[in-house]
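Listed next as structure tokens is one chain, alone, in the form predicted alone.
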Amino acid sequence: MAYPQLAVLPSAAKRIRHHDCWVFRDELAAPLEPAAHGAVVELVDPHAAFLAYAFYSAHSHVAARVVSTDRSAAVDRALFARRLTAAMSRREGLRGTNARRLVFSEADGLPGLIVDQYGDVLVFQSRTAGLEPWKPLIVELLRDALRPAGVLERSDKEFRDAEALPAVTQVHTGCVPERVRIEEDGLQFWVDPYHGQKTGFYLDQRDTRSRVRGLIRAGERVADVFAYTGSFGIGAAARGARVVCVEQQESCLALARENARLNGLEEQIEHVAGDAFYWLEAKAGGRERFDWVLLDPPSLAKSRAEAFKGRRALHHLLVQALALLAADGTLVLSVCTYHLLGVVEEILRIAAAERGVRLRVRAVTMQATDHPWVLQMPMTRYLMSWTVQRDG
């Protein structure tokens, strides 16, 4: 099949040959061969040598997303089938849960496609115009491979604006209930696949939850700040800790309460409805101290232009959180802001200096293994967690 050809600048050609997968609009060489928004295009270097097949966007700053660097592997049914099969096989070793990410976009060779499994239902997101024509095929392949009870599309506005695509929430096949119950490391959680953050649950925090839960001891005091639906706090309470969960969104807090009851831990967890920034400020000025402060704020900078504002917000959070630590208390900071990942340790040092505390690193963890980070694709690393203990 003949695709429209787009030539890229030498810098982009070099990155593609080194397994990067994004081409920015200012890296396209003029003149451009006409290509429709969402079309499959053929990327070539300045000498017209083949580089890759890609999804083209007429609107996004990311103008092309590489799908295949094999000239013989056109973008067709067979390619989608191979990529989906390979992605699912890479998750087969995951144990202790019936909820996992099956496809992670560029990291699994399917740019813009997210597929999460919650028990016997699947939730997927289409984040690129190039995926839109392929959605019926994707649903068909997932249905044939996994026989789910239902497949829900949750293509939220925040992920599709840059591609000039409307938000979509739609059941494509079968039945997807308002609530789905999942299991993780012996605990149970309700997931809201229609309205919850991301696709309903923070699957990417699984490894950090497991590590932190293993460190917490009975009787310790834990503040789970930005608690969402309470997964960190419930894990701590299951170890015998006394927990305060702070969450601003009432719908999330209601689900956190349900999750506490589901696990028989409601007596060990206090749920507080409030803005985490204000709650931390108020507590920092009092006498109450915690053995653990768990901070998992939402993204603080959606773009590079917002990085300075995000840095200030993170610094403010840390100064208040460190004030709440007991003498040997531990802070767990999770940052899902790609534009801040490189400066988190510096911000931690500055905040610790303001509070006059020395911090010992107990662990540094990343997004869970079913959200793979590809070394040559920096955008696939987006979440890191620092576990640091007040030293003396």
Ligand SMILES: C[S@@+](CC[C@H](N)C(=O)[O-])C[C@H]1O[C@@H](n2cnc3c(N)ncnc32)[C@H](O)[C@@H]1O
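Just so it is clear, the model here is predicted, and its values are computed rather than measured. Quick note: we count residues from 1 along the sequence shown, nothing fancier.
Beyond the structure shown, there is the form predicted in complex with the ligand, which is absent from this document and is the topic of what follows.
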Options 121 to 129, 282 to 290, 223 to 231, 166 to 174; stretch whose heavy atom lies within 4.5 Å of the ligand in the predicted complex
223 to 231
At 4.5 Å between heavy atoms, is Arg209 in contact with the ligand in the predicted complex?
yes
Please determine whether Gln117 contacts the ligand in the predicted complex, using a 4.5 Å cut-off between heavy atoms.
no
Distance check, Gln320 to the ligand in the predicted complex, heavy atom within 4.5 Å
no
If we define contact as a non-hydrogen atom of the residue within 4.5 angstroms of the partner, is Thr97 a contact of the ligand in the predicted complex?
no
Tell me, which of Pro136, Gly274, Gly240, Gly186 has a heavy atom within 4.5 angstroms of the ligand in the predicted complex?
Gly274
Are there residues in 257 to 273 with a heavy atom within 4.5 Å of the ligand in the predicted complex, and which are they, in order?
none
